[in-house]
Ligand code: URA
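Here's a solo chain for you in structure tokens, the form predicted on its own.
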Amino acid sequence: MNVRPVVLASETDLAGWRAQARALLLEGLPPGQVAWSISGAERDLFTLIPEQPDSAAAAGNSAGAGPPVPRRFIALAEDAILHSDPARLAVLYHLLWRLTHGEPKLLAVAADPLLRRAEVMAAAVRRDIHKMHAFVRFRTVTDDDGEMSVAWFEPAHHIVEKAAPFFVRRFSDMRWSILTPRRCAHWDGEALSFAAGHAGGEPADDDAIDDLWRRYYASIFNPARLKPKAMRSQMPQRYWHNLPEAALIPSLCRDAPARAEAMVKAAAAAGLAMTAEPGPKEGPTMLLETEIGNIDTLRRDAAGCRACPLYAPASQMVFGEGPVPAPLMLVGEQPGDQEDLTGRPFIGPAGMLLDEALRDAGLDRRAVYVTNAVKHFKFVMRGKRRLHQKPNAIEIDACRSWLQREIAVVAPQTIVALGATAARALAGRDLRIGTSRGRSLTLDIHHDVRVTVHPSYLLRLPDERARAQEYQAFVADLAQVAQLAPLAAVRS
């Protein structure tokens, strides 16, 4: 049996793999007769590599002629091909062969060993990208053009090209380089470029940024919620030697029991009902912190949140704004497109409608603290537009600690949940807006919580008459809140 050697240009040559795979399918060459490899990789000195069309030519020769392939497979291949396992190319071609030769519903067979292997590869790649986004630490160095930032990272897979645009979005105003053994990424302030891997390690000297990381990590470390196994899962030890804050971990873990005990005593003295972990059917609990800090510190800490994947595609974290303390807090769902770009909550169409309703209810927004249950914009791209997507329970729960801290700092007498997402974040469980609306919900956060609709709900109503009726009901909900004695000062 003759085996066809197929050589790709690089470890991440998805376009080349697709072109070659399409050509092989048209030729009818089964997986067992194809040997995939990467240009420059070690080969047997006596193996003959026949001439083969390059990726572009192969794509041109077979364009439009190949069998249809599910989009889900393309998405799977885009991630799995970045895995470091040399067999990934063969695995993907074998799956493709089966999909196009009698098993069109293969991707629905979750127990299939080959499919499972590819999905495990793809998941590992996505985790590696997430770790790179979370654990890259820049240090300032000087070259011929002045100061620039350099970071060293050791990815497990071939992810640098896919992970690098995140850093362009976040650090577009500075020159930087991310060096890895596999590939290096460089941003000169205008263009992103890539180069071969770097054999050396990270810069050895500490700088001021390292000290900031250590101070930040020490400030957010919660000894009452210390779970070493979970911590090592989220921050694997293989990354520790590249993280300046990792040097603090042994001492923080050693001192955690004593600090947690002191925090519980301080909480009891302050009269706060606290528990270490909220249950699934209980309301949210106050955080175990000896010092909650001021709103500026809280905003700065939240800007570095990586508790869920929403931070990656968003432009920035959007924190709340308003007077502190404030007698009234309004909690919405999440920032929208305009809020994501400006970093301010409720400034888009829903925000303008909220301002109008507040005025009609006798309230002045300048005296009200407004925020969202989820701090990053969740969206899906449609052409050049970013369309809102509703956050799921995991994302709401991941952001709940920031909302709890905001409540502790703002110290409102009354909280209004605008919509189901905000209600869930405050109650710790799903609430029906229809049955909860207008009633005072006394949860274990020790605040009077009222529930109403989100202003964006009014904007989505197609019928003008229904919209007018719902708007009046929304104003009535806010006016009811305005009648509360502690809120007399916020009237305009």
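Residues carry their position along the shown sequence, with the first being 1. It should be emphasised that the depicted structure is a prediction, and the values quoted were computed from it without experimental measurement.
Another form exists, predicted in complex with uracil (URA); not displayed. Remarks below refer to it.
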property: 4.5 angstroms heavy atom contact with uracil (URA) in the predicted complex for Ala350; result: yes
property: Contact flag, Phe346 vs uracil (URA) in the predicted complex, heavy atom cut 4.5 Å; result: yes
property: Close approach of Asp79 to uracil (URA) in the predicted complex, 4.5 Å, heavy atom; result: no
property: Contact of Gly332 with uracil (URA) in the predicted complex (heavy atom, 4.5 Å); result: yes
property: Position in contact with uracil (URA) when the complex is considered in the predicted complex, options Asp128, Glu339, Glu395, Glu321, heavy atoms within 4.5 Å; result: Glu339
property: Contacts with uracil (URA) in the predicted complex, stretch 355-391 (heavy atom within 4.5 Å); result: Asn372
